[in-house]
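Heads up, the chain below is alone and in the form predicted alone; it's given as structure tokens.
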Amino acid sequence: MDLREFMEKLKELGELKEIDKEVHWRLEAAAISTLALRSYGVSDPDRGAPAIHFRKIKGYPDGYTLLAEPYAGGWKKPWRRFAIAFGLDPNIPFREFLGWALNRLQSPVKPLIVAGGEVKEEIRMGEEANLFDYPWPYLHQGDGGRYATLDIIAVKHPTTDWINWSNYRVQMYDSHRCILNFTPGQQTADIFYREYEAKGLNMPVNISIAEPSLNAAAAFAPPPFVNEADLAGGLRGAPVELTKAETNEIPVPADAEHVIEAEVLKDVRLPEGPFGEFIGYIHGTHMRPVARVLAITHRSDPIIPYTVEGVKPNSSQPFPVAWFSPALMAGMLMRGYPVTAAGFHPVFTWSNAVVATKVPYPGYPRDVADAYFAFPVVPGHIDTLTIVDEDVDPTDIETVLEELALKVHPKRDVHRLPMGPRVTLNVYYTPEERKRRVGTKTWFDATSKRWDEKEMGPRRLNYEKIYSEEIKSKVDALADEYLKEG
């Protein structure tokens, strides 16, 4: 489904709020959606805050609108909105969602090239392609500018057929230039730095505002030379329709809301930021590559979705839970580790992953940790790992914290790798560590050690473990009578 069909589905389920009163793109829209995240995050931890469609933006024509937090499921089920987007039960348990995602991602579908598409309803070329003709939001007091935060960046490898999609925030620097937060060590960034700029070339790039399956595929972490458009087709169960761009060879989503066609300029840097980071504070500036806008195409009434980074549970948090989790799971299974679930929880904000696994031999948790920190993308982003028993749900934060508190021996089960790469965003890094881009990695062994349930009883006390099937059947049958009010 495209973004508008997704919005209709959210509306049908009572998870989209429409506001017709005029709001300002500068802070006001972001403040309203932030307050909603806080309020609903407490009162409705399963569903979270509704997406908010601001239908009248100050200073912009009718029909130029903002969509706040379209993917912001609650603390308990942050993958919920993606489940809705793919026609699944919104309350699908995490392990079932993980299994579904793994299955679909293993069955990629090639895209279909079509003529035209809704994204070509309006075409602006050259000087007419003005970024500030659109209501890109200013999100946090103290940000360095206005940003696109829920986008798909598409670039083509110069000597192969690989078209790489990714998620990077984009700062609108002026009417015809934007700044891309390309972090070295990530695929799209390295294509620019190593394959274009190092050879004295500018790099064509398309920045799309599109629908959930494209956002999901761009957030996934496949190996190099895998086309995310194929993965998006697998998630959809049907090919993604792409159409020809106006200025380069990189096809664009035919049903996208908005596409910026540009070229990233070699040897040109501008200060990107400050920006309210996903890590939870306003981060300073970085010198980042600059893209010159060549064309803008969009639907006649373009919708710009956004997330307010750093505020939880927002639309950024479901991405590592819903899409990096299956990537990590697939990588572990391919290496032969009997992992039953792997994932992230929004409260950890990329800083800690949890791997649930069988422990087939002594010393196995260390092998899992070594594989984890060697996994592509992980070393630069994530400093800690928690390894838990096979029956623990990595997204059940209460149980994970209980396992950390009760199963981790302060001396024997806390392990450190003295040196590893880091994106330097966490507040605990020193200026020297930030400069060197390295830090310590830590993993916790929260598995049950040397525990024989036949001799010692259940390793975890809960309803399922401590009562016989006979008792549970009897109690389940009479539960309403036993537990009715009064």
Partner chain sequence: MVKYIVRSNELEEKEELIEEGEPVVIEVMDENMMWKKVKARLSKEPLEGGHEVSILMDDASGIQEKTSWYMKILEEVNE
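Small disclaimer: the values here were computed from a predicted structure and weren't measured. Residue numbers count along the first chain shown, from 1.
One more form of this protein exists, namely the form predicted in complex with the partner chain; it is left out here, but the text below deals with it.
Peer 1: Does the partner chain come within 4.5 Å of any heavy atom of residue 150 in the model of the complex?
Peer 2: Output for residue 150 is no: heavy atoms all beyond 4.5 Å of the partner chain.
Peer 1: Does any heavy atom of residue 114 come within 4.5 Å of a heavy atom of the partner chain in the model of the complex?
Peer 2: So residue 114 does not count as contacting the partner chain.
Peer 1: Indicate whether the partner chain has at least one heavy atom within 4.5 Å of a heavy atom of residue 310 in the model of the complex.
Peer 2: Close contact is absent here: in the model of the complex, residue 310 is far from the partner chain, nothing within 4.5 Å, heavy atoms only.
Peer 1: Wondering, does residue 160 line up within 4.5 Å of the partner chain in the model of the complex on heavy atoms?
Peer 2: Residue 160: no, not in contact with the partner chain in the model of the complex.
Peer 1: Choose one stretch from 106-114, 230-238, 281-289, 205-213: the one whose residues place a heavy atom within 4.5 angstroms of the partner chain in the model of the complex.
Peer 2: That would be stretch 281-289.
Peer 1: With the partner chain left out of view, which of 143, 403, 257, 277 would have a heavy atom within 4.5 Å of it in the model of the complex?
Peer 2: Of 143, 403, 257, 277, the residue with a heavy atom within 4.5 Å of the partner chain in the model of the complex is 143.
Peer 1: Going by heavy atom distances of 4.5 angstroms or less, which of 56, 434, 460, 449 would be at the interface with the partner chain in the model of the complex?
Peer 2: Only one option qualifies, and that one is 434.
Peer 1: In the model of the complex, does every one of 26, 171 and 175 come within 4.5 Å of the partner chain, counting any heavy atom?
Peer 2: Yes: 26, 171 and 175 each sit within 4.5 Å of the partner chain in the model of the complex.
Peer 1: Let me know which residues along 185-224 have a heavy atom within 4.5 Å of the partner chain in the model of the complex, or say none if there are none.
Peer 2: If the 4.5 Å heavy-atom criterion is applied to the partner chain in the model of the complex, 185-224 yields nothing.
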